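We've got the same protein chain twice here, in two forms, each standing alone as structure tokens: structure 1 and structure 2.
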Structure 1
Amino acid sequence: MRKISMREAVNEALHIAFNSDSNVFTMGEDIAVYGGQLRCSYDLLDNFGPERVRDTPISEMAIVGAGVGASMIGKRPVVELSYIDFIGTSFDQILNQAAKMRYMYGGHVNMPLVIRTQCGAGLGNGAQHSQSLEAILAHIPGIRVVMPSNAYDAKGLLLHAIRDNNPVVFIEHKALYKVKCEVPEEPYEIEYTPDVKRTGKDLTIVTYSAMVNRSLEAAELLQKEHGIEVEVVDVRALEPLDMEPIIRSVKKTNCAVIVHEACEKGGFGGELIAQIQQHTFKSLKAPILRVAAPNVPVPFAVNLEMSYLPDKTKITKAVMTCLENKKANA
């Protein structure tokens, strides 16, 4: 099968969506002529015209707000925030408008809105263009939060999100855009459910977004050097959070390590641990550990940024510690 990058996969999904439903349109900063700061919306302007592919002013509140308003009357906007860091300037429209309206209005309003944005560190973009803010979003009832870890998942999850009648924040990690994998040419959807990316019997790593690849690298290393079989579960959707595949895995391995790029304090790992221990307490043989960024903003200098990020070494170390605890409690 052909291999394409996540950027190409997102672009392909957008073309399919535009070709299939005339209610789909997109707007955002520099997305039309320039193809977006995320470089995912190229060719859309040529293929579908300036009405449905709109460059906006630098007005994040109006971009998200107009998306909310248009979706309330039946359009299916896919709006783009160049960086997730810009939710700050649009947050009222996410927190108080998009997230609240369906419930607050008694279920009488649907909101088929997708907010596409990029997250993540590792490329020297500094503290205000590198964050992982998914936990803030997942904390708010009323919005979906989806984070693909590869091109194949991105295409299927994005089409699923566009067909969703609820607001979805679709977060693409910037370090994944150039990473290629096998992606079918035809349209397909992937549901909001975790995916076991590697099977193993000794320990479960629960992770998502760019950390899936780091975790798979660690699992490979652990297999080769120590014969340890790590299972890697990709959460894929933080809301709705389907715990069943995660619980099933932990009940099998009896221990877990959570890996995410966001800083540790208040991160989504806390929620995962709370739910895992609640449902697998009798199976657990070791405290669940977290591998996450330290509680500081993302630094710029290359050595600091690389040190900030969770990596194969840190993950491997946490896995070994967890397995030692498991052995002691066996």
Structure 2
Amino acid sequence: MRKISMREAVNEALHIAFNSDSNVFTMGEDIAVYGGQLRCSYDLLDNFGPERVRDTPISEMAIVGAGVGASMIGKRPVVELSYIDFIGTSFDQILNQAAKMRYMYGGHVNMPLVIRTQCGAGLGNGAQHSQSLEAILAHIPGIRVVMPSNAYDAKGLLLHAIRDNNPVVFIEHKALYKVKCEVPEEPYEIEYTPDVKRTGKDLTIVTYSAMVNRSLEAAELLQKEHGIEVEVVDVRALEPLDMEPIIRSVKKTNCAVIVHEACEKGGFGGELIAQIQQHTFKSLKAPILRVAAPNVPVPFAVNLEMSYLPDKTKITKAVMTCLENKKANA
């Protein structure tokens, strides 16, 4: 099977959606003529024209607000906010309008709005262009929050999101855009459910987005050097959160490590730990550990940024600590 990058997979999903439904259109800063800040829309204008591929002013409030209005009259907008760091300027449109409309109108109004945005550090973009703010969004009832970890998932999840009648914040990690994997050419959709990326019997790592790859690297190292079999579960959708595959995995391995790039304090890992603890308490043989970023802004200096980010060394250390506790409590 061919291999394409996540950037190409997102672009391909947009082509499929545009060709299958004339109500689908996109708008955002520099997405038409320039092709998007991260170049995912590089050929949409040539293929679908300025009516369906629209550049906007630099106003996240206007972009999301127009998307909300278009959704209410039957369109399926895919709006892009260049960098999740600036999503706060459109919070009224997201948390008070998009997230609440279907509920407040008793289901008589659909809200098929997709907000594509980018997160993540590791590229030297500095404190205002590198954050992971997904936990804030996952706290808001009424919106979906989806974070793919590879090109295959990105294509299927984005197509599913575009055809969803609920608002979806689709968060793409900037460091994953060039990473390639096998992706079918034909259309397909992926449900908002976790996926076991690697099976194992000794410990479960629960993670998402770019940290899936870091966790898989750590799992490979642990297998090679210590014979430890780590199961890696990719959450994929923070909301709706399907805990069943995660609970099933932790009940099998009896211990877990949560890995995410966002700051540890108030991060989504806390919710994962709470639910795992609630449903697997009698199975756990060790305290659940977290590997996350420290509670500081993302540094600009390369060496500091690399130190800030979770990596396979930090993940491996947490796994070994958890397994030592598991052995002591056996």
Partner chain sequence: MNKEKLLDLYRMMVQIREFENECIELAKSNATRAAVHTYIGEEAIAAGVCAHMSNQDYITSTHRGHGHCIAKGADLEKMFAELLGREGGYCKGKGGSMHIADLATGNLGANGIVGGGIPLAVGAALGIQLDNKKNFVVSFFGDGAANEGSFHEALNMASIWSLPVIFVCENNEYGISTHVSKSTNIQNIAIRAMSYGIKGVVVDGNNILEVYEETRKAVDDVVSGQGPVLLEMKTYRMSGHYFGDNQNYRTKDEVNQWKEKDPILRCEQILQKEYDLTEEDLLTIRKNIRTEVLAASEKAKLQPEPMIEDLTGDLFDQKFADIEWKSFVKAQGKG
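Shifts are known only where both forms have a C-alpha. All residue numbers here refer to structure 1's sequence, counted from 1. Not measured: the values here are computed from a predicted model. Under this definition, the rigid core comprises the largest set of C-alpha atoms superposing within 1.5 Å between the forms.
Here the chain appears twice, and structure 2 is the form predicted on its own. Remark: 104-108 is the one run between the two structures in which three or more consecutive shared residues have Cα displacements of 2 Å or more on core superposition.
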